[in-house]
Structures are given as C-alpha cells and as structure tokens.
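Next up: just one chain, as structure tokens, the form predicted on its own.
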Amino acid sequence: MRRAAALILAAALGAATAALAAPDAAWTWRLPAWLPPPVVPADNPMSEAKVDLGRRLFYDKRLSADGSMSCASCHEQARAFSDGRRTPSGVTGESHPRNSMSLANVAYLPVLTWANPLLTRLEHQALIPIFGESPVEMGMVGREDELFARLASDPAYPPRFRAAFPETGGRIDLASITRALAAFQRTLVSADSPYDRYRYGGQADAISPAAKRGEALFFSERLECFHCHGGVHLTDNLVHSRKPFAEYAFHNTGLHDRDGKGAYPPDNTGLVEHTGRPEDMGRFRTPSLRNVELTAPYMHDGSIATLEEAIAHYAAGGRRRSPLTSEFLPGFMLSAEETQDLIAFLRALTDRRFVEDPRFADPWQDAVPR
C-alpha cells in the first residue's frame, strides 16, 4: 500500500503536468436529459481516443504480474462490472477482504471504495489494484518498467497512446495509463432501466404493478430504505456537474458486534481505519442499488447472498446490532407478498442495455490471445 501511495503521488504530478494540454477531440456524453453529466477533472479531459485506449487497458491481462488478471477480472460487464464472488483473490491467491463494487456510474461517486474517504479520483484509485501490496491484487508493484515495455511492444498500443496523449508524444507511463483507464470508467453510465423509463421517461407501463407497489414500500418511512439509497443513483453518495457540493455517507449496517461495543473483524473495520474515530467502526460507503439484481453477493464483505436475505437482514434491523448500528435500521415487518413486491422493484433497476452495450465490451475478444 505504501508503494501504491507513492505511485498515486507520481501519477498526480504527471497529470498536473498534462493539465495544460487540450483533448484531441470533443467529447459528447450520451445521457438522458434528466441526468446531469458527471464531473471530469480539468487535467484529464475526455476524448474518444483516450476512452478507446482505456477500454483496451481495462481488459488487458498484461497489467498483472503473471498475465492472469485484468481490471475486468473483478469487474465483469455482465454483472454490471462486479464479479459475483463473495470476495476476490489476487494473482498470488491472497483474498481481498472486501467485495468487488460495481463500476456502474462510478463517475458520479465522490468517494470510490468501501471505506477510504481519501480515494476520490479514478486516476489515483487505478493504482491500488495494479500496484497495491496489502492485499496483492494484480501484483505489478516494482515492475512499472516491465509494464511499460509490455504495452510498448504491442503494435496496437503506441499509436493509441499517441492519439490519446498527443501532448506527451504518446508516452507510456503511469499518468497516461491511469488517465486512460479513468476516462473509460467515466463512460460506464447506467441510466436506462425499466424504472428509469417509468420514473424519468414518462412510460407508465415500463414496470409492473408489483414493482410500483415495491417502489412505494422502498420510499416509505416504514422501511427507511431511501434514507441511504435515495437520489438518482439510489445511494447517498453523489456528485455531478450541476451539483454545488459532493454528497457522501458511510453507514454501519449491523453486520458484526464482536465485543458488545460494535467491533468489526480487524481486517475489515470500515471508515475508522482512516479516521481513527471510534464512532466510525463498521461504517462503509453506501453502494448504489442500480443493477442490484446482478451484483450479488451483497454488503462490503459479500456475506449476504440474495436479495431475499438482504431484505430479511434489514427487516431484522441488522444481523448483530450494536450501539454503532445506523439509526436507519430500526427493523420492520413485511408480508411475503410485500417482500415479492420489493424484489420486483429492485429487479426493475436492472439496465440490460448497459450490460450488453458493445461500447463497454472486451475489445480484445477477437484478437490473438495475449
């Protein structure tokens, strides 16, 4: 992690140098009228060439030490860019303590991980899986020059780096790699679910009567779901180009209480790891519920397998309540029919076009194996 922190600084300095450059092409967001564009850092403007490069890097297993992992290994398009596992493992077999988060609409998140409030830029966050040491994920720490050489030796890459970063002559370095990855990830916008078409698009029949009843339950004071999963992306973490300030929140959802005072497992303590404040024990960032049908298992540790189990967890007010459990988990009673209505609503948040959009798919699928 120390090495990754140093690389974050190096990448930041590189990005700052490039801040004077202009994009090589205008960028047009393909968004519905109701959705504001995300914030794009001034030192990393969007361009078609940069997004194309970032997409290739995202799916390229040469970004890992043994060529076995790419970013997509833990962020599969078919699963709304999550991975379906309780927790992932890196190239050394070391398990990560936390569940892989969906990357859908990651450009709208003011903080990017489950518990680190300091990781706020995709350009910096990309260094953690590639070069992080605790845990090891892609395992490239200390092998930066090898990574640059791998990419430079593929005829597909040098012209794409030159097109994406003409201001540096297409230099292949940490700044260009992470900025291209960030640009691609900012395009992963999911906003065409049946619920979007119903709620924002004026299509009254886009969701079922059961889903409409589930929506009413979800946004009721009886269930309290909307307090943490509100807003356009169903999370209380949001920033966009028309919002004057970033909104972010972390919550303790009553998963653990090891000492009667709310202690969580020592390798997964949440926000307290970064703030040192006892009241932040067990607090994790609220994930978006967009595409939640596809992103199981749930919670920061992947300990809840299904939507039914998740609803039962919140109905009980948490698995192991403690003095630190969020006030928004008072518990509630729900009939079997109401549970099915709530699930129908949650399934109406699935954006099939997003998970099948060829713009986000693996561009190497038809290429010679790397």
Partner chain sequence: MNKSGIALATFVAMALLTQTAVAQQDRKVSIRFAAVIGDQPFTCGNSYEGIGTTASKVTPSDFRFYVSGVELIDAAGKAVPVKLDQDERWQHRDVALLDFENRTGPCLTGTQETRDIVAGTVPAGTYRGLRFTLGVPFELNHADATIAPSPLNLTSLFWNWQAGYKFLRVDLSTKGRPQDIKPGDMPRFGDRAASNRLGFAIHLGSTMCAAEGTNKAPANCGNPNRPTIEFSSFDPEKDVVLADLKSVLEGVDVDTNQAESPAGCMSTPTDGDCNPLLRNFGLVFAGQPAQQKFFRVKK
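Positions refer to the first chain, counted from 1. Nothing here was measured: the structure is a model prediction, and the numbers come from that model.
Another form exists, predicted in complex with its partner chain; not displayed. Remarks below refer to it.
Student: Just to be sure I understand the contacts: of Y108, F131, F184, Y298, which is the one whose heavy atoms reach within 4.5 angstroms of its partner chain in the predicted complex?
Tutor: None of the other options qualify; the answer is F131.
Student: Only one of A156, A246, A149, A216 comes within 4.5 Å of its partner chain in the predicted complex by heavy atoms, so just point that one out.
Tutor: None of the other options qualify; the answer is A246.
Student: Looking at its partner chain in the predicted complex, is some heavy atom of each of H229, S326 and E356 within 4.5 Å of it?
Tutor: The answer is no: none of the three residues contacts the partner (heavy atom, 4.5 Å cut-off).
Student: Among 259 to 267, 203 to 211, 187 to 195, 285 to 293, mark the stretch whose residues have heavy atoms within 4.5 Å of its partner chain in the predicted complex.
Tutor: Selected stretch: 259 to 267.
Student: Considering only heavy atoms, tell me if G170 and its partner chain come within 4.5 Å of each other in the predicted complex.
Tutor: Judged by the heavy-atom cut-off of 4.5 Å, G170 is well away from its partner chain in the predicted complex.
Student: With heavy atoms only and a cut-off of 4.5 Å, decide whether V272 touches its partner chain in the predicted complex.
Tutor: Output for V272 is yes: heavy atoms within 4.5 Å of its partner chain.
Student: Wondering, does V40 line up within 4.5 Å of its partner chain in the predicted complex on heavy atoms?
Tutor: No, V40 sits far enough from its partner chain in the predicted complex that none of its heavy atoms falls within 4.5 Å.
Student: Is I343 near its partner chain? Define near as a heavy atom within 4.5 Å, in the predicted complex.
Tutor: Contact with its partner chain, no.
Student: At a 4.5 angstroms cut-off on non-hydrogen atoms, which residues of 123 to 145 are near its partner chain in the predicted complex? List them in order.
Tutor: E123, H124, L127, I128, F131, E133, S134, G139, M140, V141, G142, R143, E144 sit within 4.5 Å of the partner.
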